[in-house]
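Below sits a lone chain in structure tokens, taken as the form predicted alone.
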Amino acid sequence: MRYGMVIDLKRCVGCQACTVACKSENGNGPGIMYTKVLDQVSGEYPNVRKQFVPVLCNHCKDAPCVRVCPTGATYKREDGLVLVDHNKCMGCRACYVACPYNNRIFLKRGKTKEGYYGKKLTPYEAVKYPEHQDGIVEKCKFCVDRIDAGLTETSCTQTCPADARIFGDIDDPESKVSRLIRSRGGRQPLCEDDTDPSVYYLD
């Protein structure tokens, strides 16, 4: 088994529901986003086209972040999830530099004390912020807590109103994600880097 995600660019409407769902699930502070939606404009007036491109950690099969981590804090599970052990991370940011997708976030000192409304944390922030640590690197976890609890969808895929994100086992040829990749010619981002990402995009 290898968990992966398919993102249908024809369906994404740029509503940012996935971004909000991810922040709610993980309790991230201001400016910290494991997933976000980029705007891409092409063409010239009057033939201008706007496309929305969701981005997140690609949970690569051959992840450069895992190879360069000097403490073993960044590791890959058998199900394909690339995770960070916060107790081992020393904040050297080697993984941050090695990631060709720029999908890692370094938590500066004091970042986990800063709420959306200043120093006084809301009750929700007071519960979620202790899960984060200053001076380390974080990223999308493919909602590992949900998966380990037996749920079959990540927070972002469950929330997407346009069904633009699909999560599943990309090693299973009969799974929905595998069938979409085959039938719609799913492509991996920066495939020339030979990282074999677990995220595929459909044009």
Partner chain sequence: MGRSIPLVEKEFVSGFRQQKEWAGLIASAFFFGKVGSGLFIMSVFLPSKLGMLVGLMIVLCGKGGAHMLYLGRPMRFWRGMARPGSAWVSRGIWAMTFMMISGFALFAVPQDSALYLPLAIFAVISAFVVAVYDGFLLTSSPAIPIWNTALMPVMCMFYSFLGGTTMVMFMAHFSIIQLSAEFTTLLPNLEIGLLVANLLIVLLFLVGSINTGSAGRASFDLLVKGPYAVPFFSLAIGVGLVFTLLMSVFGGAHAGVGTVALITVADLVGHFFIFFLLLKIGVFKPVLGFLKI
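Source: prediction; values computed, not measured. Numbering follows the first chain given and starts at 1.
A second form of this protein, the form predicted in complex with its partner chain, is not displayed here; the remarks below concern that form.
Its partner chain in the predicted complex comes within 4.5 Å of a heavy atom belonging to residue 70. Heavy atoms of residue 119 never reach within 4.5 Å of its partner chain in the predicted complex, leaving it off the interface. In the predicted complex, its partner chain stays beyond 4.5 Å of every heavy atom belonging to residue 148.
Proximity of residue 175 to its partner chain in the predicted complex falls outside the 4.5 Å heavy atom cutoff. For the candidate spot formed by 114, 170 and 196, no residue has a non-hydrogen atom within 4.5 angstroms of its partner chain in the predicted complex. Taking its partner chain as positioned in the predicted complex, the residues of 80 to 112 that bring a heavy atom within 4.5 Å of it are, in sequence order, 86, 87, 88, 89, 90, 91, 92, 93, 94, 96, 97, 98, 99, 100, 101, 102, 106, 109.
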